[in-house]
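As structure tokens, one chain now follows by itself in the form predicted alone.
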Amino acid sequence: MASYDVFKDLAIIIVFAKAFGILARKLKAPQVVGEIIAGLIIGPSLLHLVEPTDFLVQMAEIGVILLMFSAGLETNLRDLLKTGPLAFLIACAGVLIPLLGGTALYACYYGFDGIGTDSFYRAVFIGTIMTATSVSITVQTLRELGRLKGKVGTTILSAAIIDDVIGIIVLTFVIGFKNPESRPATVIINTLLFFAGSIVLGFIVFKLFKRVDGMFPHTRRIPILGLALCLILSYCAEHFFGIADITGAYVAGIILCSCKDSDYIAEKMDINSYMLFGPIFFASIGLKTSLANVNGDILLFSVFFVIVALAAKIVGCGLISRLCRFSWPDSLKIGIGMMTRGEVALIVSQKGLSVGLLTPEYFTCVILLIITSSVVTPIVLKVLYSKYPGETAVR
């Protein structure tokens, strides 16, 4: 393959990803779904226009780093702290029940050879994929209904943010334990050291950025330094602590999310992500999704995967909400609102593929889950709010 062939591949990816992304948006589906389908169409499974290469893999890795950095930047720490233990409890249930449900599903369907084996870690990883929550569809639905700023809407939003933080920590542990050279105590110590070091470093970096921001407000050097922080923390997380690089990128975003120019940094990162790296990442999911090995067994597992993933969020988040003295209708709204999946589920799946915890045909499960949850959630929420328009009293 000639070096200049990458330009052709990039052009094809960008055009197809954006075209299918726009089509998906017009059909009221997440744009990322269209970009994934574009990768599936132009890849080895169908048209063979683009072949996965090391260069595209590395570009996709930059894409996922930027996505997680942006997710951290968009986190509102004040809102996160205001919700307190209520949202934290809901988020914990929203991680624990899907994690157990996914692990049990894989174990019942395929079985595993015992704790600590490769099949055990694959089972746990299936559960880890289910822990992710993406509330972009829910937020848009609640905004249209005028319910985003109510107690239920605020709880869903805050719990989803905490949910993703816990999910990333779970991913970090699973990948760490999968390493045959790692020991449980080492994984735990390295993870704790990383987060403890991030708190100390975060405080220092935040003060430095605050000072630089005051001296050179709204200048391009601010997002450039932010990007440098994202990349160096991603490197340090993986190289020194054996933690997923996306964890470092997310932490970098959290460190800077309270800066005066955090929105400006996010805006500049979004340009890079929207124009190039984002489409490459999501299209690469489609490129790597293998339809050759998708058979009736995989399709049946995918159906069970979707059912368990949706039900686990509703049961976990809904029951805890009820215990926290929400009414049954409002508890159901919270459970439904937490069941959407999107970018984070794809990011977790991509990481699993890179470390050997997932094979390409299982991307079918994740894509089907994203599409189903994106279609079902707005419909059910609108029905619930039409039947129970206000936040009902606890009985």
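Quick note: we count residues from 1 along the sequence shown, nothing fancier. Bear in mind the structure is a predicted one, so any value in this text is a computation, not a measurement.
One more form of this protein exists, namely the form predicted together with a further copy of the same chain; it is left out here, but the text below deals with it.
Trainee: Hey, in the predicted bound form, is residue 223 touching a further copy of the same chain, heavy atoms inside 4.5 Å?
Mentor: Residue-level check for residue 223: yes, a contact with a further copy of the same chain.
Trainee: Does any heavy atom of residue 25 come within 4.5 Å of a heavy atom of a further copy of the same chain in the predicted bound form?
Mentor: Residue 25: yes, in contact with a further copy of the same chain in the predicted bound form.
Trainee: Report yes if any heavy atom of residue 155 sits within 4.5 Å of a heavy atom of a further copy of the same chain in the predicted bound form; otherwise report no.
Mentor: No, residue 155 stays farther than 4.5 Å from a further copy of the same chain in the predicted bound form.
Trainee: With the partner left out of view, is residue 239 within 4.5 angstroms of a further copy of the same chain in the predicted bound form by any non-hydrogen atom?
Mentor: Yes - in the predicted bound form, heavy atoms of residue 239 and a further copy of the same chain come within 4.5 Å of each other.
Trainee: Using a 4.5 Å heavy atom cut-off, which residue among 302, 103, 272, 190 comes into contact with a further copy of the same chain in the predicted bound form?
Mentor: Checking each option against a further copy of the same chain in the predicted bound form, the one that comes within 4.5 Å is 272.
Trainee: Can you check 357 to 365, 327 to 335, 39 to 47, 55 to 63 and let me know which stretch has heavy atoms within 4.5 Å of a further copy of the same chain in the predicted bound form?
Mentor: Among the listed stretches, the partner-contacting one is 55 to 63.
Trainee: May I ask whether 122, 125 and 297 all come within 4.5 angstroms of a further copy of the same chain in the predicted bound form, judged by heavy atoms?
Mentor: No residue of the spot touches a further copy of the same chain in the predicted bound form.
Trainee: Using a 4.5 Å cut-off on any heavy atom, which residues of 227 to 262 would contact a further copy of the same chain in the predicted bound form?
Mentor: Read in sequence order, the residues that approach a further copy of the same chain (within 4.5 Å, in the predicted bound form) are 227, 228, 231, 232, 234, 235, 238, 239, 245.
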